[in-house]
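As structure tokens, one chain now follows by itself in the form predicted alone.
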């Protein structure tokens, strides 16, 4: 985006997050650099216990317990993250019209938690639907989490969810940037949310596919690229950004975390579940081209890798194809620390790397004890952080089921 006028450059000015190991960016970054995983084991209805990432945050900081009870877990996470992002950005809506503020949230799934809970509830009463809650419909509509944000903040501009499997967080970030570039909104709250640890069906499905991670130590269950990896650690979480056009951000003296330099999305068009490296590499190349960047301009590639055998291999092939000749590009993985937060994965993982623009550190991929030769990558950061001379560009991969791929590139604002 170099050379474009300030009103056509989109920047990140606020971050609000809830991760399995932190509820603000400062704490999150500290724990990522330490490789501190707080993955635990949870009991599952109808199933054996499984490793999972569960968020702990101030659930009643921005709305009352009664409001949380009426809403959803996804809505609760969304409201917390949105308020945190707005506060972090120093926005009091004196500079922005709430009619021109958009809320765009990426989701992998929504409604399964509520439906499973209600079916279980009426099973205790011989399936008498008189015990089915009248809150079910508003809780399960796809726009619910974004809608709960608008009600909490009084935002009257557009709100909707972006369904893009595990690429959804990046997709919503792209949507927010595009709406700002089109002039449809002046401020965008965008990111991704996951409440999936509340759904036994997600765990059961991954288990049926042979893709649910297991380990005697839950903090070691998520191990992308490692020979001992055996699947995904499911996590809940959320991350919402405030996006602004650069001229407006500069005009109010906002702190800028980074500038959206490039992005791309494409489809494999091949399989419901199996990823396809050639389309992933194509997506990375398109994002680089959009940003006017070369592979060696990228300092950090934050991988999507989930800890499934074929998924990790395909992404590594794609990264080698694009970055194989770039000795200055370092590779890491955030899921090894926090698990897979589904719709929140891309944006939550990106957030954990944004502070590298200031501290020049690449957080490690943990649990990488016996690297799979098929996952060999140049400059992979394993088990300990690496300090670079400078970090000026970060590329974030986020891929999902039914063959959807997304890539976002953030540049340091200078």
Partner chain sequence: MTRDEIKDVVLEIIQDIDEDGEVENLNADAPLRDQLDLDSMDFLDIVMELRKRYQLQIPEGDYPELASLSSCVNYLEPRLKDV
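Numbering follows the first chain given and starts at 1. All figures in this text were calculated on a predicted structure; none of them were measured in a lab.
Below, we refer to the form predicted together with the partner chain, which is not included among the displayed structures.
Comparing 126-134, 87-95, 242-250, 274-282 against the partner chain in the model of the complex, the single stretch with non-hydrogen atoms within 4.5 angstroms of it is 126-134. Residue in contact with the partner chain in the model of the complex (any heavy atom within 4.5 Å), chosen from 69, 34, 45, 61: 69. Proximity to the partner chain in the model of the complex, defined as a heavy atom within 4.5 Å, holds among 295, 138, 201, 157 only for 138. Interface residue remark: residue 121 is counted as part of the site for the partner chain in the model of the complex, having a heavy atom within 4.5 Å. Taking the partner from the other structure, the partner chain in the model of the complex has a heavy atom within 4.5 Å of a heavy atom of residue 65. Along 381-414, not one residue places a heavy atom within 4.5 Å of the partner chain in the model of the complex.
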